[in-house]
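Quick setup: one chain, the form predicted on its own, written in structure tokens, and binding and motion questions come after.
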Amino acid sequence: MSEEKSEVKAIVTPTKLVYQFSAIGSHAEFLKAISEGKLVGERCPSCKKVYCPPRGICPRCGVETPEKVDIDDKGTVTTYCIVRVPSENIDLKLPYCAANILLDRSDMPIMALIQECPAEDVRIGMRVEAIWAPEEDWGPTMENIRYFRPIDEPDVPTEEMGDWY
């Protein structure tokens, strides 16, 4: 008996997650900064790694991270995934690209969308910049950055990306 193959048109995954988060310390400072259109991180006094968003404590060394660092809204693609299957509640034209982006002056990538270029053109080492929501829509959320887009700068060789893993 032969099986008929059909194209996947959608995936429905019912999920509900309800939580409350009270931002204090480093988290509150980060959310205040991003609501003003700035990115901030903290440097570990021991390993010298810079974390954005800051955590208040270095996840590697377990020590407080009191030194504040201004973080650029440009960065480098370290890994990426091209999404070709639609998903409920995600209103993006397929295919689209989600990437880990190592922001300049930070040592830990953040996850964000890459837009304004074909998904097939995204590559490791690609230089990108943040596209911010209109200022009147800003709040204490990472959603202030709508997505990242490529910029006209040379790719960064992988050996120059540091040991962010």
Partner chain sequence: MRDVAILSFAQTPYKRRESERTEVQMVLSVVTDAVEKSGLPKSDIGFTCSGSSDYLAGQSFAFVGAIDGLGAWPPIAESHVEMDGAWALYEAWIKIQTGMCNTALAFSFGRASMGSLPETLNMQLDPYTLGPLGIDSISMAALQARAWLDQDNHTERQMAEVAVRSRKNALNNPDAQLKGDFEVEKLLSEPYLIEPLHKHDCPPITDGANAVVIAAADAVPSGANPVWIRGIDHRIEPHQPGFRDLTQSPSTKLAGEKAGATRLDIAELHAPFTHQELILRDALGLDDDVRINPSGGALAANPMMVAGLTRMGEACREIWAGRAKRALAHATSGHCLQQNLVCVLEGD
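Just so we're clear, the structure is a prediction, and the values are computed from it rather than from any experiment. The term rigid core refers to the most C-alpha atoms you can superpose between the two forms while keeping them within 1.5 Å. Positions refer to the first chain, counted from 1.
Although it is not shown, the form predicted together with the partner chain is what the next lines describe.
Among heavy atoms of R105, none comes within 4.5 Å of the partner chain in the model of the complex. Interface residue remark: G62 is counted as part of the site for the partner chain in the model of the complex, having a heavy atom within 4.5 Å. For the chain shown alone, R43 is not a contact residue for the partner chain in the model of the complex, no non-hydrogen atom being within 4.5 angstroms. Looking at I57, you'd find a heavy atom of it within 4.5 angstroms of the partner chain in the model of the complex. The rigid-core alignment places the CA of I151 less than 2 Å apart between this form and the one not shown.
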